[in-house]
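Next comes just one chain, in structure tokens: the form predicted on its own.
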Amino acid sequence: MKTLLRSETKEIHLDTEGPIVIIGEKINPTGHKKLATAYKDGDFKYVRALASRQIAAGADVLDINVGVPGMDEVAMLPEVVKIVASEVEAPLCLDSANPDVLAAALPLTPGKPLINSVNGEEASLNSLLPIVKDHNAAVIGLTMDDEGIPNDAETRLAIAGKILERAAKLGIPIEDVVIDPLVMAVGADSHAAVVTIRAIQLIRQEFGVNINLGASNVSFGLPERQTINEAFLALAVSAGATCVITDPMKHTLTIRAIDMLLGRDEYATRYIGHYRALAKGSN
């Protein structure tokens, strides 16, 4: 199954049989004080730099979040969308669960963006899915609902089914819904990664949709987080994940290696190309 994302000049396909799509996570002020300050100061040079660096590092899509306490997100997200779209050719992922913020930004977003995200809560389904439909966007569906985040894979599968069903009733094609089975910290629950991987397997078997992960959550609170994140990426992609929201500066080479080992990179062309680009940049 293929999910099309598009900017004015470039198309990206999330493909259940294709290579991993990297969604760059760095234009997000959560835990990023320099970006939060840049937003408050209107320093969009830093935003442009973050966008360019991520594309150069291998990102296919850029996530944009303006969630700073006290920030007028309705005014800020459209502004940042215009700036990033003028800087790079990649499709955009609008990271907000606020329908007013999305309604303000989507008319200014070129092509066909991804919305991050809806979930199985009734309020979320009722307020966000109509916006997805009206703007012909694709959307990430998080497997949580009014009861919170389930501790078992089977309930996450059921929530995925609910999201897909409600989307279909509004005329949103199944290929435009990317399911995120949620990644929790393994330091707090030793079975957290196992549950996510099992949920990936069940969702792929049942619905055949593209699956997204915020992979770095798995290592929260533990030392050597990059090692844990990369090990988890390999397991999750083997189970059926097809795109990840992550730091391309840290993880692109590992992701290229995973694709290569899964037979998705003929003659290791993409892996070697990225390795050479890294080597050239370090000289």
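One-based numbering along the sequence shown. Remember, it's a predicted structure, so these values are computed and weren't measured experimentally.
Below, we refer to the form predicted in complex with a further copy of the same chain, which is not included among the displayed structures.
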Is it true that 223, 261 and 268, all three, sit within 4.5 Å of a further copy of the same chain in the model of the complex, judged by heavy atoms? yes
Interface residue in the model of the complex among 37, 30, 52, 238, criterion: non-hydrogen atom within 4.5 angstroms of a further copy of the same chain: 238
Quick check on this chain: which one of 186, 144, 83, 76 has a heavy atom within 4.5 Å of a further copy of the same chain in the model of the complex? 186
Within 4.5 angstroms, counting heavy atoms, which one of the listed stretches 38-46, 252-260, 22-30, 55-63 is next to a further copy of the same chain in the model of the complex? 252-260
Flag residue 228 as yes or no: does it have a non-hydrogen atom within 4.5 angstroms of any non-hydrogen atom of a further copy of the same chain in the model of the complex? yes
Heavy atom of residue 244 within 4.5 Å of a further copy of the same chain in the model of the complex: no
Consider residue 193 of the chain shown here, and say whether it contacts a further copy of the same chain in the model of the complex, taking contact as heavy atoms within 4.5 Å. yes
Give a yes or no for residue 68: in the model of the complex, does one of its heavy atoms lie within 4.5 Å of a heavy atom belonging to a further copy of the same chain? no
